[in-house]
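Just the one chain here, the form predicted alone, laid out as structure tokens.
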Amino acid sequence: MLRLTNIEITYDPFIVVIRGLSLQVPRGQIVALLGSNGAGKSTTLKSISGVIAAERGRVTRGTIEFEGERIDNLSADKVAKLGILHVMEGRRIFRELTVLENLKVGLSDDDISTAFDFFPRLKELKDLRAGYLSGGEQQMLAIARALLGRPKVMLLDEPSLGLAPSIINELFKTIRRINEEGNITILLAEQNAIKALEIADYAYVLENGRIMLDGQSQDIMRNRDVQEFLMGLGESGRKSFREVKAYKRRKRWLS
């Protein structure tokens, strides 16, 4: 359904941040794009959605195809019209508007009812200004707004960022429901490898703009290097941040 083939992404004038990246997102699946901060996850999603052009970036090599048609360097509005909607990091909502007003822009009441089915908490808060919502509620609202665009593919960028564990659990269950019940394909960029792998069908591990490892989610979850360096787990339990930093020096999957 969505295929990136050997893409290179460059920011003006000649800063290359992604090199030779290839991945596939089959119809109906959740595919996780894992990696630490700065690995290139957000840049990859922006290259698909066309948002990267606003940051003076572009795909300079390779191709991005959606349903057999090339979309690399297509404008963001044209990509959205094709059915690819991007929920960016940072919960981009209208803070001065109420929850309901955020959802009502150009949409029917039937669509809003569907959003409330997935996020009943938003229905309870529909008359509250979005700026007063908690971080988790704002993330729900951002995803709900994208959902109402009736996407074929949703690009979710770090949905768990800054959220409490209990909220993350609820949010990721809902993402899986959206995938299964809404028949929406999802590409999920996420630092929380454990939660992403719990709901994803397939995963890619990205570092310094390159794919280092890919496979079925359960296989990736059992990989010792992924456990140690992305999940923070070692033989003696969860590692400290200082210990996990050794990842930058070792990277056994590169050998």
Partner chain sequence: MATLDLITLTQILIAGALTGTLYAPLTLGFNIIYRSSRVVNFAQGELLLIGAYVAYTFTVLVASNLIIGLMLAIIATGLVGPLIERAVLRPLLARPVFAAILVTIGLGISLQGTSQLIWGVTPLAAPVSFPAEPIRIGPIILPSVSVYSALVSTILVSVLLLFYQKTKLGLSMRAAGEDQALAMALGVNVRTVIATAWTISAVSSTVAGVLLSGVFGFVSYYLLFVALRVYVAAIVGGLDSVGGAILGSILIGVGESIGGLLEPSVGPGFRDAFPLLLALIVMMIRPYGLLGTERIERI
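Superpose the two forms; the largest set of C-alphas matching within 1.5 Å is the rigid core. Since we're looking at a predicted model, the values are computed, not measured. Residue numbers count along the first chain shown, from 1.
Form predicted together with the partner chain: not shown, discussed below.
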property: Every residue of I48, F119 and R121 near the partner chain in the model of the complex, heavy atom within 4.5 Å; result: no
property: Answer range among 151-159, 167-175, 92-100, 180-188 for contact with the partner chain, defined in the model of the complex as heavy atoms within 4.5 Å; result: 92-100
property: Heavy atom within 4.5 Å of the partner chain in the model of the complex - the one residue of A115, L85, L163, L125 that qualifies; result: L85
property: is_contact(I71, the partner chain) in the model of the complex, heavy atom dist at most 4.5 Å; result: no
property: Heavy atom of R224 within 4.5 Å of the partner chain in the model of the complex; result: no
property: 4.5 angstroms heavy atom contact with the partner chain in the model of the complex for L213; result: no
property: Partner proximity in the model of the complex: I194 to the partner chain, non-hydrogen atom cutoff 4.5 Å; result: no
property: Residues within 4.5 Å of the partner chain in the model of the complex, restricted to 22-56 and counted by heavy atom; result: V51, A53, A54, R56
property: Core-superposed C-alpha of M88 shifting 2 Å or more between the shown form and the other one; result: no
property: Shift of D127 between the shown form and the other one at or above 2 Å (CA, core fit); result: yes
